[in-house]
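In the block that follows, a single chain appears as structure tokens, in the form predicted alone.
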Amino acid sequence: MKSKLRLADLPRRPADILKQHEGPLTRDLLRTPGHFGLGQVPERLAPEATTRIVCGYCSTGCGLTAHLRGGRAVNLSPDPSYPVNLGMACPKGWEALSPMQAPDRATTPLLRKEGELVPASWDEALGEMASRFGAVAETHGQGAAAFLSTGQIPTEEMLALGVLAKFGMGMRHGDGNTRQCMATAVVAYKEAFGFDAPPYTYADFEQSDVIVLVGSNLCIAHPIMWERICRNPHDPEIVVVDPRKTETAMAATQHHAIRPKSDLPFFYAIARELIRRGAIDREFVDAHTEGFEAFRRFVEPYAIEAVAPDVGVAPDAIRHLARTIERGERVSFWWTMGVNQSHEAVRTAQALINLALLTGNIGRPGTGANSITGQCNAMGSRLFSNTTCLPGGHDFENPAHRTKIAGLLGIEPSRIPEENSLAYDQILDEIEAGRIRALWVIATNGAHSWIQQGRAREILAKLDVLVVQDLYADTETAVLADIVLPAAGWGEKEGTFINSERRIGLLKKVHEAPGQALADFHIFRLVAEAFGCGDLFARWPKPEDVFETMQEISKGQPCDISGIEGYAMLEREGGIQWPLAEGQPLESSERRLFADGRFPSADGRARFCFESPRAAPEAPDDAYPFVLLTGRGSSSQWHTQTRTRRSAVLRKLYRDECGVEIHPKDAKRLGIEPEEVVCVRSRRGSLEARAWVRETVPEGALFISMHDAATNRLTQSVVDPYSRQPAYKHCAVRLERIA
């Protein structure tokens, strides 16, 4: 019998937890209207006005109301009119101001002198950056400098950085930390649909009668999306495919705990069973897809009885899932990092796309093959960052595209590289080989977050010059830098973010950046002047001018946003999903793609993409008998905790120590007691963690949160061959008791 989902089953609201903690600031916040809606307002905090602002943490893209006093935000609350979150917010959204007001913000440029980072002026820091990057280029060529960017800054800043670095400073190579989270979805969509085009809208969560979540713990990673599911009036079947018994799996109506990285044979078996049962939308397949017959022949060997022992799921359970999909009138397939971060990630994502295509579950309400993004502006990075592809989905290797972009920017086409950039892992390989000697890192913390962390830090140490631009000077990457540039953050500047459902939301300045910290947009303008290419910014005095250029670049592309009437329209409409071409009416706040069955490929058809499964690169053995799984540990943490650990409230919402989940039978076999401190060791490194004895992990597997600074000592340097996204979710480890 299916369990009914209730809002009351969700984790408690932040207000309930805040009440447990004493302190005058906490009491003031609890009495401030709009923060938690409790009690009277202290006069010194009473807001004078409000404004709408989009959240800057995850890809959900919630709308928040900033409560202002003296033009400065003193408080936040979820915006009940915003079409994304409908008046809801997770703990990070409620507390988004606190990390920005932390006393340890970077407030002045820093230069490394005699081994120490010491304060410097902006002129001195930028002069040193220009001098040292120039020396590298003169000695080793233009290809010896690169940049690593982020999904955390506004889209306008992403475009400005890409134009500056590639067309002004002469860098050939630059990538973003979105390589770590979303590159798989980008490649999967491009190959299957012809463009990086997530087709859905969040309303589909509420309109599906079958929701299939793969490698996605929405309750923790995207809690507002989970609340949208809880609003579904159709008593939906909630299917979770995940090796762990996550919070989401516990609330689901079906949980299929497949063996780690057995996704491909599992979904091929589902596809074969659906085809065998005649559960395909033949009219849709014939009219709108290519490659179905080849796919049908390909999956023929993946009979359920043959696959079941390898995937660790009973044959009847696999058949039950296939029947669930067959009977659903509106089936939606959703995935996130459990799929994307794998050695065969692209083909796994496409296995889900194939299921949507063969059953005709795409382009209609409550359907779709839907990738959930990670960072707040990963979608903006995918489309406009000018990193591994030209902005607007254009191609560096296409002469017509280079001419188009050069004309729109008012520059010579010769300033645009004719080759695609190297990916993140390839840039690090080039540093290790001594061919890249200078690196500019913007708003990301790779010394914490990159796979095989020890190797990553050794590589960064080989650079002639490392420049880090961030909110804080104490991140694991910033402390390695030769130059630190202090940046303004969320709420301290203007621009736009693009969320998972393609909605462009507006970021506003509701707070002053501390000290000499500047918006990244203004830092880029200063860097351009220092490098003698300030002409690139002549037409962009402010971020909204860059947005207008984004609109021009997008014209005629599947992501066309030329019909948006500036920031004022984004404010008025509560964000707008792309595409919206010039002259096209905005008929709804929720719009999905492919309703007409047309895809942005050359022939208008979607393609079935598939390949035989490959064994995981590092299987458990006698020396390292466990599989290590990693993932989000709490809805109150964010990635490397650069911001969230600055909030006393958020720190109280999770255990601030490294813990390793281990199945009770494994713990008993090894003589490990609950809460005992143990050593987890891989072939690359080790860490100490407290043993959390739980049935949330299967026997033979361990789980450690991605947020802990030591986690990536263990992971391995393996990437998907098509997306080059790291495979964080699987490596071999052993567990050792500490005497």
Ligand SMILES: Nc1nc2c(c(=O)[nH]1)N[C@H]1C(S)=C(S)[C@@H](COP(=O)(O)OP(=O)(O)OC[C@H]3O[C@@H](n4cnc5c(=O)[nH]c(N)nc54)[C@H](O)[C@@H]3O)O[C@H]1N2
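All residue numbers refer to positions in the sequence shown, first residue = 1. For clarity, every value in this text was computed on a predicted model and none was experimentally measured.
Omitted from view is the form predicted in complex with the named molecule, to which the following refers.
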Looking in the predicted complex, any heavy atom of T630 within 4.5 Å of the named molecule? yes
Can you check whether G495 is within 4.5 Å of the named molecule in the predicted complex, heavy atom basis? no
Would you classify H222 as touching the named molecule in the predicted complex, given a 4.5 Å non-hydrogen atom cut-off? yes
If we define contact as a non-hydrogen atom of the residue within 4.5 angstroms of the partner, is S634 a contact of the named molecule in the predicted complex? yes
In the predicted complex, segment of 125-133, 302-310, 361-369, 480-488 with a heavy atom within 4.5 Å of the named molecule: 480-488
Looking at L506, V510, A423, I258, which has any heavy atom no more than 4.5 Å from the named molecule in the predicted complex? I258
Only hit among Q577, T155, T640, S647 for heavy atom within 4.5 Å of the named molecule in the predicted complex is T640
Using a 4.5 Å heavy atom cut-off, are A197, E501 and T549 all in contact with the named molecule in the predicted complex? no
Determine the residues of 95-110 with a heavy atom within 4.5 Å of the named molecule in the predicted complex and present them in sequence order; the list may be empty. none
